[in-house]
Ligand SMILES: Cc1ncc(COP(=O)(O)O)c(C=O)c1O
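Form predicted on its own, single chain, as C-alpha cells, below.
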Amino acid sequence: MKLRPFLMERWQSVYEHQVACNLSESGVHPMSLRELLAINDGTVETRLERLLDTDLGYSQGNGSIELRERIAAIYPGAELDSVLVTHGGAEANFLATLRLLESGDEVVIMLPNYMQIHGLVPTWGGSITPWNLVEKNGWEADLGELERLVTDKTKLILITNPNNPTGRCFDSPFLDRLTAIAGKVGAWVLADEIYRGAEVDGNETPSVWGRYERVLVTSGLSKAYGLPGLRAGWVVSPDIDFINTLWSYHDYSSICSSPLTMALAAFALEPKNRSVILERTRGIIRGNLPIIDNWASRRPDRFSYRPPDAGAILYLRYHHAIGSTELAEKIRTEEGTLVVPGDHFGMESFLRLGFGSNEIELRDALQRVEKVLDGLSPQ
C-alpha cells in the first residue's frame, strides 16, 4: 500500500514557519491558551489551576463523556455513542474512509476540495468520480450532474460544507436533495463541516446531520474555532455500530486524545464559550474580508473570484501565463510569503489566499504578493 503525497500539507509543513508572511492558512489567527481560558470574563488563574490537576494518563479512547456530550449537543438528536473523538478532523476523515471503502468502490467527490480523502481513495482501492463545482455560477453545485454521476457502485459521496477552498456554503434544500440522491443507491454521505461556524453573515451553515441514516459528519476545532493546536476532532453518525467500529480502528491509530485536549475542547464547546469563540472568528473574517476583497477587486485584469460565504479564504483565478506552483514558489522565494497553489486542489491558474491574520500582517502580505505580480505579464 502506497499513499500519494499530500502536496498542500507538505508544502505548508515545510515552509509556513520559514516565511515572513503566511497566507496559506485557512483558519483565523489561533487563540492562545490564556485567551481561551479568559473567555466569558473567566479568571485565568482559577481555570489554569484546574488544568494543573489533570492526570496525564490515558484518556477514554472514544472521548471523555463530557466532551462527547458537548459535541452531541451540536447535532440535535445525537446520542453520546454517536460521537467518536479523534486527533483532529484529519484522523476523523482517515478512519471513516479506511472503514468504509473497499477495492472497487466508487467515490463521488465534490471538487475543488481539501484533497485528503481524494488522496486516500486510491490507497483503499477505490475510484474517484469528480463532481465539479461550477465556477461561472459562483461555485454552484449542479445536483442534476450529481444524479448522473451516482451509480449502483457509488459507495460514498464526499462534500465539504462550507467548501474549502471556495468558501461556498450549501443550504438545507441542497442537502435534502443530495441525501435523497444518495438514498436511491444506498450510498453514504461524508460531510466535512470543519468550517461550519465561520460564516461571514453569522448564520450557521446547515448540517447534513439528521437528513439521512447513512451520514457521517466530520469536524473539529481547527478552522471555525481557531484552536488547531489542540488537535481535537470528531466524527458523528446516527449509525452507532459504525461509530463503534471506527473506535476499534482508532485503537490502531492514535488510541486516544490527550486528557488536556479533552478538557480544553470540552471547555471550548460549553455553549456560552462556543458562542464567544465563533463570534471571535466571524469578527476576524468580517474585519479582514473587505481588505482582501478591495485589494483583489481593484485588479480585474489580474483576478476573478467570488467572495467566500464562510472561512478566511479567498480562491482567486489569476490571469497570468504561469503555473500555480511556479507562481507560489516565486512569491515564497522572492517575497517570503506563502500561498497555496491551485494545483494542490487539482486546478491550475488559481491561488488560495488565507486572510485570518491581523490587519497589519495581511496588508503587508498582500503588498508582497502584488510586488511579484507586478513583474509578470498578463495572459
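Throughout, we count residues from 1 along the sequence that is shown. Just so you know, these numbers come straight off a predicted model, no measurement behind them.
Form predicted together with the ligand: not shown, discussed below.
- For the chain shown alone, residue 181 is not a contact residue for the ligand in the predicted bound form, no non-hydrogen atom being within 4.5 angstroms.
- Within this chain, residue 26 lines the site of the ligand in the predicted bound form, having a heavy atom no more than 4.5 Å away.
- For residue 364, no non-hydrogen atom is located within 4.5 Å of the ligand in the predicted bound form, even though that partner is not displayed.
- Heavy atoms of residue 114 reach within 4.5 Å of the ligand in the predicted bound form, making it an interface residue.
- Checked against the ligand in the predicted bound form, the candidates 9, 359, 16, 370 yield a single residue with a heavy atom inside 4.5 Å, and that residue is 9.
- 231 is the sole member of 155, 282, 99, 231 with a non-hydrogen atom within 4.5 Å of the ligand in the predicted bound form.
- Partner proximity in the predicted bound form, defined as non-hydrogen atoms within 4.5 angstroms of the ligand, places exactly one of 302-310, 126-134, 223-231, 285-293 at the interface: 223-231.
- Residues 160, 164 are the ones in 131-165 with at least one heavy atom within 4.5 Å of the ligand in the predicted bound form, listed in sequence order.
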